[in-house]
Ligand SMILES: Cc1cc2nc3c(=O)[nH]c(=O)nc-3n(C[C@H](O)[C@H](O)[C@H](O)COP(=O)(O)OP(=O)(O)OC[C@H]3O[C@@H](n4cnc5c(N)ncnc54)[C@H](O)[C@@H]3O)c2cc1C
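What follows is a single chain, given as structure tokens, in the form predicted alone.
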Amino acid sequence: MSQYDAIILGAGAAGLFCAATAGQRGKCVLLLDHADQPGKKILISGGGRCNFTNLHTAPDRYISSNPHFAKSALSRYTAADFLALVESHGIAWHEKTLGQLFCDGSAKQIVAMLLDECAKGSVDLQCGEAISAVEHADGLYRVSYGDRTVQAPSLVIATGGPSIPKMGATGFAYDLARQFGLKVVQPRPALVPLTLTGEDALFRDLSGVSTEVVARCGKAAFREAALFTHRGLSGPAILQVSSYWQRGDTVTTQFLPDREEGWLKAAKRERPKTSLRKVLSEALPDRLAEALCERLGLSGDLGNLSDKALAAAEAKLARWSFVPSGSEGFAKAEVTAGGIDTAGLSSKTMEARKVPGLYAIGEAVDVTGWLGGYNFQWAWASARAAGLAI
């Protein structure tokens, strides 16, 4: 039976970085994945260019049952730290918007970098291996795969969540966590398009239309683009609020967020013979302006509309409410919210408090970042914390 210092399950962002960190500390590390190659989600991220971190990373941009949990790891391995690693490998990058950093070239460069870092630590990487059993006895974890059984005093769960199952994603991490007595916060799709039915379904006719809005759900608010789809709502602003959305919640969108209160009445005074439809279509896509005008039920020239009616229209445009019927699920979710309960983990080392030698990192844990590189930064930071502790 082969003996290692640590066995890491899952060769995604967190698993690769944890293996490299531990390996370069002289630890004998086995990195296992059931997929045929490492870093498959990395390769499709950011439209193939990998949005590998965010300059504005801060704990308040993460969702967790314990909002303080991520602070320790994020403070000890920052976006600047990872960026320095990227630059040391000669990878060109650019800031796209809102602090989001992307490769100029390809996400393949990030995977190659991580594999190079693993090689520096002599990590034993084995892909295409389905795990058949995991056991713990006498202070050692035994993992069986293929016709082999290996053992180590440390085991790291880095197999992510069930989002994007076509990439091989499963709920394996949760089953394993429960096997060792760890609790799991109900997993749900996050950063996911929302679906509309009933009266709201009329907006599906606008499929392909996009406009900047402020989208809100509860206390969360994001100013970015919203996209109408044949199933409902998507685009960055909607993906962001979807992580906060629960079934039955209302999502509001503020159209024309730069307009000051009273702008429609001002337009009436300045251009009384102009229609509401024309005023809206000057600032919004034509099909959207037409649909909103139709639903507001205001036709004719602005001069013939009462100030009260215009104020009501303005208020409606500022808080247009949708009650999504659901989301497009794990198949279209960029990440999973929920996961292994942080209450059972050390925020400094990611080790299970009651199960010595067992660690959980990355998306498998109940820490979910905003859209835009935040989830990669959590992967790097949590992986680093565990890799230094093993």
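The first residue of the shown sequence is 1; numbering continues from there. In this text, all values refer to a predicted model and were calculated from it rather than measured experimentally.
Below, we turn to the form predicted in complex with the named molecule, even though it does not appear here.
- Screening Ile63, Ala35, Cys28, Val355 for any heavy atom within 4.5 Å of the named molecule in the predicted bound form leaves a single hit, Ala35.
- In short, of 208-216, 252-260, 227-235, 152-160 it is 152-160 that has heavy atoms within 4.5 Å of the named molecule in the predicted bound form.
- Of the heavy atoms in Gly121, none are within 4.5 Å of the named molecule in the predicted bound form.
- Among heavy atoms of Gln186, none comes within 4.5 Å of the named molecule in the predicted bound form.
- A residue is said to contact a partner when one of its heavy atoms sits within 4.5 Å of a partner heavy atom; Ser327 fails this definition for the named molecule in the predicted bound form, lying far away.
- Using a 4.5 angstroms threshold between heavy atoms, Val335 counts as touching the named molecule in the predicted bound form.
- Annotation: in the predicted bound form, residues Asn51, Ile131 and Thr170 each come within 4.5 Å of the named molecule through at least one heavy atom.
- Of all the residues from 3-27, those having a non-hydrogen atom no more than 4.5 Å from the named molecule in the predicted bound form are Gly10, Ala11, Gly12, Ala13, Ala14, Gly15.
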